[in-house]
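One chain is shown next in structure tokens, namely the form predicted alone.
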Amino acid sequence: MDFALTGMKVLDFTHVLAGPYCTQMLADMGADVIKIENPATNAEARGGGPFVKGESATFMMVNRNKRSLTLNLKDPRGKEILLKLAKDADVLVQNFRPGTMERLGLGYETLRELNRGLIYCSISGFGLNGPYKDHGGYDLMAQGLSGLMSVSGEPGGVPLKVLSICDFGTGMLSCWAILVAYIERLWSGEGQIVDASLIDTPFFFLRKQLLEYFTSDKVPGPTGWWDVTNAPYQAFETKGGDWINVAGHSAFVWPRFCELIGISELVKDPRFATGHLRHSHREELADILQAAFLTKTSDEWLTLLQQAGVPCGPINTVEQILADAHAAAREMVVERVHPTVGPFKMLGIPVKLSETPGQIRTAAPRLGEHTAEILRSLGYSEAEIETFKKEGAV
């Protein structure tokens, strides 16, 4: 089967989460992603727990559909192999600190002399320019420095981290930018640098808070479950102690929502006459609505709200969503066989293409699993490959 990215060759120098997630997205859509690894196990890439039969589950989560090639880039023969691969590669992705690849003799300008069409993606904590460019960066630092943690959590509470949103968000944006550059190369024939950073990504997710500051000069703070612009758009406790999410804020839904919960007089209440007013009086509104929601169970409310076309949903645990029939229908959990671990569950592909869908073909590779296979494709003999292995070049 041909995939959307069949024929794309990607050299993957990434570790941790952002970079590997970016290249996994390309691999899921058919790109041949060759993961370049050190012959000695890289603790940064493969050392993250939890472990299953000695294999890092964190590594397996973001490195499926790839091939692993071990190269000692300090050995001239290891570097020679890499340069052979780079001559016809479409994309190179790396997430070392700025300057590391240049010190290895593998910077963009060097490789561009071999391959003018190479798309060279650099993922770093703070980007390739600016006063912080040489600082090491992780998701946590990016969430704090960007202001994201200042608007997370409850008013007056401690700053809260939001999952690993900078890592995975940067991986997604990097994949998008690589594909943009790939399309541009179709007519120009030229590659380019893609400069992605963990610190820039949160700006993309802070649009409502930035808009609030731009239009009022008011510094946004944490709002808990309150939305920055909409109300009612939040969770409500129901009879029995469960919670559900309800979005009854739109002008179209608001009258039906009020009638459904038995408080139709709210429609004519001047405090709640418009979306802006409902948001301005959101605490008063929430108190009124919360009292109504305590009269029925979550299941009862969800049935009524869904029948009336009011957006709503349960607040599931991880166990509940993994057992949900809709998640199964969307193939959001799949199982593949890892050569060491055996059957291993992983997340499915979150976007579906009608004609060239992605596919999870293989689990994450073992360290150096495809070294000999890739070297043979470059024309090296079995004797040469054995010599490389014995002498530590691969």
Partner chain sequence: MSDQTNSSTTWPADPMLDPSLPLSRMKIMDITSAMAGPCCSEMLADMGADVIKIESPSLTPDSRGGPPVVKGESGGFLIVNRNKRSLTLNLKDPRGKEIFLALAKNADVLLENVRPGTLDKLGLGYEDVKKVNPAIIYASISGFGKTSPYAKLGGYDAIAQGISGMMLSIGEEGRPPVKAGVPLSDFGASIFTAYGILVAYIYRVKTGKGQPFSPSPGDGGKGQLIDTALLDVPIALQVKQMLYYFLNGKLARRMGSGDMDAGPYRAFKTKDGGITLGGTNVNLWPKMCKALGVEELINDPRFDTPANRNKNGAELTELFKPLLMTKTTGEWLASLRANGVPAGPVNNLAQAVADPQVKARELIVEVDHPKVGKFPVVGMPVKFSRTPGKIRRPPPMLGEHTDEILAAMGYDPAHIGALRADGVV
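Please read all numbers here as calculations on a predicted model, not as lab measurements. Residue numbers count along the first chain shown, from 1.
The protein also exists as the form predicted together with the partner chain; that form is not presented, and the subsequent description refers to it.
> Exactly one of L104, V267, L83, A247 has a non-hydrogen atom within 4.5 Å of the partner chain in the predicted bound form; which residue is it?
Answer to the contact question: A247.
> Sort through 66-74, 363-371, 32-40, 53-61 and report the only stretch with a non-hydrogen atom within 4.5 Å of the partner chain in the predicted bound form.
Every other range fails; the passing one is 53-61.
> Quick check on Q192: any heavy atom within 4.5 Å of the partner chain in the predicted bound form?
Yes, Q192 lies within 4.5 Å of the partner chain in the predicted bound form.
> Evaluate E391 for contact with the partner chain in the predicted bound form, applying a 4.5 angstroms cut-off between non-hydrogen atoms, and reply yes or no.
E391: no, not in contact with the partner chain in the predicted bound form.
> Considering only heavy atoms, tell me if G130 and the partner chain come within 4.5 Å of each other in the predicted bound form.
Although the partner chain is absent here, G130 would touch it in the predicted bound form, with heavy atoms inside 4.5 Å.
> Taking heavy atoms and a 4.5 Å cut-off, does E319 contact the partner chain in the predicted bound form?
Residue-level check for E319: yes, a contact with the partner chain.
> Quick one: name the residues from 144-175 with any non-hydrogen atom within 4.5 angstroms of the partner chain in the predicted bound form.
The stretch touches the partner through G144, L145, S146, G147, L148, M149, S150, V151, S152, G153, E154, V158, P159, L160, K161, V162, L163, S164, I165, F168, M172, L173, S174, C175.
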